[in-house]
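Only one chain is included here, represented as structure tokens and corresponding to the form predicted on its own.
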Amino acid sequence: MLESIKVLNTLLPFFYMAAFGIYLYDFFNEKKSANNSKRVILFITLFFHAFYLVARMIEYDHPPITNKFEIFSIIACAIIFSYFVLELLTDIRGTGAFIILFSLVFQFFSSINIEHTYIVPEVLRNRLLGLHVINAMLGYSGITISAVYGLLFMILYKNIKSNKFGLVFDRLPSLEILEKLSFYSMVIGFVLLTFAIVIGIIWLPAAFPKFSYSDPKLVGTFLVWIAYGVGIAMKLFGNLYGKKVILFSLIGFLFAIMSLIITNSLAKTFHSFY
């Protein structure tokens, strides 16, 4: 199995290049043949990436979360999985290149730098921890995709306000659809982040009996979760709509990124396993 893992590790960036290339080609040319085949290529990429991650877990006897380049690969897979689900739900395929590019970059750096490690801290072999991390990555991927759609919304909004009706206007979905895509991605991210938090609450007492709920990483994650929960509630039951939803998505994303940077780099936390 080790040889298969190494082969897939080499091939995955090329799968992502193919998916990115055909989505980008379809964005500029809008050919029916490309529109029909790009989802198939995306599914094949997702399938082989998922197989690769499962194979690593079986071969090395730990979830693929033991170093940052394994995490990069999970992020790449999480982003493309979240987008694939969103595309299936909405059948809107014109924005895929902007999302897949992120997966391509993460997987490229993962493939050229990843370590094939059998010896890791025992805590990192816990399957529940692996499930917690994967759900967290999926959650943050949903938040990231929401921000990307928010950025596309703002670009299109600016072009319309300036009476620029070029390629961006022709190829991107309407402002209303971009708002919905951003909001749906936000909801997907929020739900998956909720799963990650619940799994973490179940797993933490057994793994770290002396842990504290005031841990910076826990506090930061809860604040991000609460912020997005409030935003979703305001959209569903209040007056958050249109450009307000997009601004909330972009500000929420920046807040989430700042929280991750501060808690991972500047604060001491029991999450620092390696």
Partner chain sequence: MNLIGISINHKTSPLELREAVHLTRNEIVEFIPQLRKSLLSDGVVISTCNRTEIFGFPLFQSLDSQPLIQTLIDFKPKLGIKPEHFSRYFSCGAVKHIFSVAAGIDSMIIGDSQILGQVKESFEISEDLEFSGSVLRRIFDTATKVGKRAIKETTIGEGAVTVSYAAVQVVEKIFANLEKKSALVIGAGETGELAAVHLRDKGVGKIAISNRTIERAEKLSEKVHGEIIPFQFLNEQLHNFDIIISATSSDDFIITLKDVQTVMKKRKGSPIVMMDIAVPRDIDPEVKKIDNVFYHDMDSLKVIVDQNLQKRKDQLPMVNKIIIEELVGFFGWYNSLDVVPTIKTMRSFFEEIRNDELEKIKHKLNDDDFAKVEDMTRRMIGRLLHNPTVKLREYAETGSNIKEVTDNTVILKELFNLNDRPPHEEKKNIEEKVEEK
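Residue numbers count along the first chain shown, from 1. Computed from a predicted structure; not experimentally measured.
Quick note: we don't show the form predicted together with the partner chain, though the next part is all about it.
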### Listed residue that, although the partner chain is not shown, lies within 4.5 Å of it in the predicted bound form (heavy atoms), from Leu151, Ile160, Val85, Leu204
Ile160
#### Entry: Option touching the partner chain, based on a heavy atom within 4.5 Å in the predicted bound form, out of Leu128, Val105, Val191, Leu156
Leu156
### Query
Looking at the partner-bound form in the predicted bound form, is Ser174 within 4.5 Å of the partner chain by any heavy atom?
yes
### Task
Tell me, yes or no, whether Asn239 is in contact with the partner chain in the predicted bound form, where a contact means a heavy atom of each within 4.5 Å.
yes
### Query
Does any heavy atom of Lys31 come within 4.5 Å of a heavy atom of the partner chain in the predicted bound form?
no
### Task
Consider Glu115 of the chain shown here, and say whether it contacts the partner chain in the predicted bound form, taking contact as heavy atoms within 4.5 Å.
no
### Query
Is every one of Phe165, Asp170 and Lys243 in contact with the partner chain in the predicted bound form, taking contact as a heavy atom within 4.5 Å?
yes
### Message
Tell me which stretch of 106 to 114, 195 to 203, 134 to 142, 175 to 183 has a heavy atom within 4.5 angstroms of the partner chain in the predicted bound form.
### Response
175 to 183
